[in-house]
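A single chain comes next, written as structure tokens; it is the form predicted on its own.
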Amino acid sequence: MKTAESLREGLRQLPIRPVYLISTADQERSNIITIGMFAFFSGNPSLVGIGVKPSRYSYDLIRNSGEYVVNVVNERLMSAVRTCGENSGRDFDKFKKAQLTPVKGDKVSAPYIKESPMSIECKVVQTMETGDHVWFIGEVQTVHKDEAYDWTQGLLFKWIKDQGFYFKVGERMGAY
């Protein structure tokens, strides 16, 4: 039998989701934001999107530059995910604070994160205001991937009773 849940608790029951570090920059500063709102929007052209609150420092950087990099997170980057999610780029250089190395992008001005096993350079082609977040839909320009990286090394995140937990990708359950 189903029972009514509060919206907050009900939505927290959705399956766990990937977490990413998004790097961006304008002419003066670079920044990293921890993101859980990520979606594929199209295969041809290759479009991916991220949801960002307008109050976040990275929002203005992405809006002004029209670029961002999606950096995949693995177990080695758990501390950086927390550092970048709990601190504002208005107050700290997150690359330094999280001990991450910025690398100049090939196709965008935003840096990618050297320590990330996979980075996806994107140029914004559309924005959508959706309640308390704005979706930046970016066309993928290029992908950088460590040779040893496998998608099962990606990190997932889930809130459970007001505490965040990280998970590794689980086992295969069957075919489609």
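Just so it is clear, the model here is predicted, and its values are computed rather than measured. A residue's number is simply how far along the shown sequence it sits, counting from 1.
The form predicted in complex with a small molecule exists for this protein as well; it is not shown, and the discussion that follows is about that form.
S.K.: My question is simply whether residue 56 lines the interface with the small molecule in the predicted complex - judged by any non-hydrogen atom within 4.5 Å.
M.R.: Yes.
S.K.: According to a 4.5 angstroms non-hydrogen atom cut-off, is residue 119 in contact with the small molecule in the predicted complex?
M.R.: Looking in the predicted complex, residue contacts with the small molecule do not include residue 119, since no heavy atom lies within 4.5 Å.
S.K.: Would you classify residue 96 as touching the small molecule in the predicted complex, given a 4.5 Å non-hydrogen atom cut-off?
M.R.: Contact check for residue 96: no, nothing within 4.5 Å of the small molecule in the predicted complex.
S.K.: Hey, in the predicted complex, is residue 89 touching the small molecule, heavy atoms inside 4.5 Å?
M.R.: Residue-level check for residue 89: yes, a contact with the small molecule.
S.K.: Which of 114, 63, 123, 133 has a heavy atom within 4.5 Å of the small molecule in the predicted complex?
M.R.: After the contact test, the surviving option is 133.
S.K.: So which of 137-145, 28-36, 41-49, 63-71 is the stretch with heavy atoms within 4.5 Å of the small molecule in the predicted complex?
M.R.: Looking at the other structure, the answer is 28-36.
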